[in-house]
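Only one chain is given next, in structure tokens, and it is the form predicted on its own.
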């Protein structure tokens, strides 16, 4: 099959590549203009699940800990030290002399208020999984707190360093989530100057940012996040100086931009996994995918390597386990499915479908990737009805048991632990289309032990069975094409969180 025909060539871009962006378009006024395709629905970090929201949170707020993007080690941030008191208790000693953007002094009250608020189910934070492991936070003295866990949860440190920013208790108690959305206040490297929903967010460097931060000190004076939904419009803006930075371009779009002397175009691998999920439990009704031979046939029918080689940027690789290979607990020692159409046809015949069958195929992004896989399935006799929709309704169909097969992606909220991906999809939650008692039991054992050997043993059992039964087919890790002003020093990171606070003008 010619997989190049599924590439998004972006004909509109071809005529633009001869244009040149004004030299030092953002450097002249120390303003980095960032192009984003998705609108941030809510500025309060606890009331959105958007990737843009994660990026904003890392710039506006700080956490007790910071995870280094290079080696994934945990470094003290708002806390200057921490220790495990026992399997269900963490103690943090806090830094002194830190202030929020509104002048409020940071201390234990802010940590306790934030964590007790977000872990209370009545407050309905958007992603309950990020906080459901917290029993409560306790103030020991003005600069010492304890976090009590409901049960042993070894991934706690990664969550503390990731989706749990600390809010000012007095301000948040007064204005609540609505007020934080309207006027975000944190301790972070950048202050929010203005927000025009759906159009623009303006941040300025925090001159009072604490010197001991493991994030370092921000260099660029102002960040302007612009929402530009149309890719061609965003690329045109990049090339004419309207913006300085853009990501998530297709491979062909990146290749077209490389001829522009005022831009740097580079690829970067991420933790985000593409996967094909199959309804083994029959939640969506009686259908062929309940038969493991059919699921294995589908796995052998899809040429993952060809899609990676021809459609994805540098940094993407075929993935076999139901996790990002570098996450804690992940193993590559699982059944893998080589591209083998003959074997796929034999398995279908053995299962009673020598002439194939028809089935719905849900997807919400990368339509060209979906069409390439659909072409592979057609080759072995499986006809599909592509139901291409936005993310939210596609996700909701999966949760409601209305999806027979779906092509989706998962970034683990940048959590470096397989409990953030494998356990999400295989522990009998709404996203679980396998409903395997053994897998759920093994994952629970791994999720609740602080012994690395116990965790790895149970996670390996779960991952092996998931792959052997072809409950889902891991496809590849995503790589993104980044294009930005040649005067900008910027480095992509695998956790899919652009850190503009480490960027600088050359």
Partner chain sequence: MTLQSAKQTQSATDQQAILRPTPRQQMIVRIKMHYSLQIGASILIAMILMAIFASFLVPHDPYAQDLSNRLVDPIWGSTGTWDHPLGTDSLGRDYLSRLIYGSRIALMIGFSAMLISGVIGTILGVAAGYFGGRVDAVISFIILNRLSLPVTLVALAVVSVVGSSLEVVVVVLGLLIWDRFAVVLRSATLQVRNMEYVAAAEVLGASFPRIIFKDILPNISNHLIVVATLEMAHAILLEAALSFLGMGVQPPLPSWGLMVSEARDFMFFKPWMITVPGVALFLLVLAINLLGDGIRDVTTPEGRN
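Numbering follows the first chain given and starts at 1. It should be emphasised that the depicted structure is a prediction, and the values quoted were computed from it without experimental measurement.
We do not show the form predicted together with the partner chain, though everything after this point is about it.
With a 4.5 Å cutoff on heavy atoms, residue 389 counts as touching the partner chain in the predicted bound form. Of the heavy atoms in residue 436, none are within 4.5 Å of the partner chain in the predicted bound form.
Proximity of residue 250 to the partner chain in the predicted bound form: non-hydrogen atoms within 4.5 Å are present. Residue contact with the partner chain in the predicted bound form: residue 107 places no heavy atom within 4.5 Å of it. When the partner chain is considered in the predicted bound form, only one residue from 79, 348, 271, 372 comes within 4.5 Å through any heavy atom, namely 372.
Of the candidates 112, 257, 98, 90, 257 is the one whose heavy atoms come within 4.5 Å of the partner chain in the predicted bound form; the others do not. At a distance of at most 4.5 angstroms from the partner chain in the predicted bound form, all three residues 239, 307 and 368 contribute at least one non-hydrogen atom.
The stretch in contact with the partner chain in the predicted bound form, judged by heavy atoms within 4.5 Å, is 225-233, chosen from 279-287, 225-233, 136-144, 207-215. For the stretch 200-215, the set of residues having any non-hydrogen atom within 4.5 angstroms of the partner chain in the predicted bound form is empty.
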